[in-house]
Every structure is written in C-alpha cells, then in structure tokens.
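In structure tokens, the next block holds one chain alone, the form predicted on its own.
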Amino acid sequence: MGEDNTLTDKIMTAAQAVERFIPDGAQIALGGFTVTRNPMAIAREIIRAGRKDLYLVCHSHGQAMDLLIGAGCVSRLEIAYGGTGRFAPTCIRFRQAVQKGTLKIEDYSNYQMSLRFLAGAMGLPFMATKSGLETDLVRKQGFDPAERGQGKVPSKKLAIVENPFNGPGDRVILLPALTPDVALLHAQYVGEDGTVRIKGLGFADLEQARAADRVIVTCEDIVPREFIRLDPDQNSLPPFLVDAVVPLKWGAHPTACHYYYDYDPRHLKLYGDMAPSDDGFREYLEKWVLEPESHEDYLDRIGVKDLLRIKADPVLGYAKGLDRR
C-alpha cells in the first residue's frame, strides 16, 4: 500500500472539466438536493460553455437544475421533484419549460429514482419494488413511445410483473437502471490521494457516482492524507471512482454546504423574483453567469459581506440566526 497517489492528473479548473467530460447531449446526474450541495459552479460553467441537448437525471433537485434548464442547456429530464423550498416550491424555469412543452420529462418517486441509481451502481439492469403500484406513476408516462429505447432513453418507463417467488396476483415494479455519462458532485473535502468525504446528508450522490461512467467532484478544500485517513468511516468515495477534482470554495453557492455555509436566502429570493419573466431571467443570467468569467468573479459580485453572513457555525453546521425570509 506504499504507493504515493496524488491528485496531479485529476485537479483541473471547472472549464477544463466541462471541456473534457461534458459534450453536448451527455446524460448528467446532478448531486445535491433542492438548496443543498448543488454543483453550482460547474452548472454555471456548463452554461458559459454553451452546452446543449443535455439529458439530466436527478433524485430531487433545485437551483442548478433550474438554471441549466432556463439557460436552454437541457432537452430531457428524469426526476422525482424540483424545487427550492419557500423560494420556489416548484422550480421556476423548470415549471415553465414543462408547461410550454420545451422540455421532455419523465417522473418517478424519490424512492424509485434512488433505486434506479442503486441498480446502476450495482451493475444490475433493473431494481424491483412495490412502491408506487397504486399511483399514476405506473399509469402515465412523459416520454414519447417512439423515442423509447433510443440512446439512454429506457425501452420502457417501468414494467409490472408477477412475483416469481409468490402466488398469482403478487405484482412488483421493475425499474430500469440509470448509468449516467457523468455525475457532478460537490463535497466538503477531497484528500491528497483523491478520497472524497461528503459531510451531512448524502442524498443519492454516492449511488449516482458509482453508477456513472465519469465523476467530477468540486470541493471546498483539498486536505492532507493524514486528515482524510482519520475517521475513515466518514469517507464517501475512493480515488479510483473520481475522474476530475475541481477545488472551488463556495462552489455550491447559493445552495448550502454543511459545515461550510448555509444557503443564501437573499440570492435565492433575488432569483425567485427575477426568474418568472423571460426578461428577468435573461438579466439574471447575464449578471450572475455569463458576465463573470470565472467562479472567483462570481464570488466578487456576491461580496464578502454576504458570504460571511451565511458562513456556517463550525459545530452546528449551519448559519445560526440567519434571516431566512
């Protein structure tokens, strides 16, 4: 075990990671959840790079998903839920794209999406469940039947079969596995050897990473090998699963990163006020995504005062006393 593994070949900028691993038409799994640990810096870089026809697969998501859809980067989506809490109970540009018919969408439950990523992570073609049998999830589908089986689109949304280990009438749902081209995650720590540690709720991030062909991890800090080897049960992903590491402090802003910073209620409200109109969204996109040439430029626009306001309490993991209105 004496091999000296380093990140030399994996550390890169967000622009380099997008250029190398995210072509037009790629199927992308977004890590994080609603207003927590969204891979925001990479999402903004994808928009700046002008990527199109992306196929998103998400457990439940929020700000990064909505920004990518609003910018016209996404043509197809499989998801359980999209929203940012009180700021947008349903993501704004996501909802409008569905209503206008400009986004092809298939919906599953949170549990079903988790099982689909788990199937992909385990190398299985499908996963069985009874969850959802008596819902419209099994009776309705969003994708055009003529598109089934093409590219990454499953040949069926799901299949209902008889349980082969029980008597007639005992039905189960078979859910198709998800194997994304790329998984995008934001983590608190990456060790010098490439080991990833995610603190707080993991959502479906680890299953997504294990199911994907490529994994891009943005992180708050690169930490010494000695640190990452302390409490090894806290580590999340081994180095061999990670293809690119992009050090980006505040890389999930305006969503939260447990123990580092809370979500930014002022910025999320700003987005919620601007995004409903096409002109307002274009203005937001210009000011907060396209004009800043880098993540650092974006942070300069946010300002040190506003960043410090959401800085997390090191014990609690979130910003104590933050005005969340």
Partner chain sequence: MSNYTKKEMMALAAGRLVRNGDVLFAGTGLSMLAATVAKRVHAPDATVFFETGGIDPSLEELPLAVADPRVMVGTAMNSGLIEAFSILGHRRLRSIAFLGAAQIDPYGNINSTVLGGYPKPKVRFPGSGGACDAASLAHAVIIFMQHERRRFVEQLDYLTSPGWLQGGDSRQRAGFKRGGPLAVVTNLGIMKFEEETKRMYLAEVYPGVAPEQVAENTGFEVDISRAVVAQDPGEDELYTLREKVDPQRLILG
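Positions refer to the first chain, counted from 1. Please read these numbers as outputs of a predicted model, since none were measured by experiment.
Heads up, the form predicted in complex with the partner chain isn't pictured, but that's what we're talking about next.
In the model of the complex, no heavy atom of Pro164 sits within 4.5 Å of the partner chain. The partner chain in the model of the complex is approached by Phe87, whose closest heavy atom lies within 4.5 angstroms of it. Using a 4.5 angstroms threshold between heavy atoms, Glu106 counts as touching the partner chain in the model of the complex.
Though the partner is left out of this view, Phe33 does reach within 4.5 Å of the partner chain in the model of the complex, counting heavy atoms only.
Of the residues Lys152, Lys156, Lys249, Arg95, just one reaches the partner chain in the model of the complex with a heavy atom at 4.5 Å or closer; this is Arg95. None of Gly72, Pro239, Pro176, Gly200 but one reaches within 4.5 angstroms of the partner chain in the model of the complex through a heavy atom, and that residue is Gly200. The three residues Asp136, Arg171 and Arg324 all sit with a heavy atom within 4.5 Å of the partner chain in the model of the complex. For the partner chain in the model of the complex, the listed stretch (222-230, 76-84, 241-249, 177-185) containing residues with heavy atoms inside 4.5 Å is 76-84. For the partner-free chain shown, Gln99, Lys100, Gly101, Ile105, Glu106, Asp107, Tyr108, Ser109, Asn110, Tyr111, Gln112, Ser114, Leu115, Leu118, Lys130, Ser131, Gly132, Leu133, Glu134, Thr135, Asp136 of 99-136 come within 4.5 angstroms of the partner chain in the model of the complex, judged by any non-hydrogen atom.
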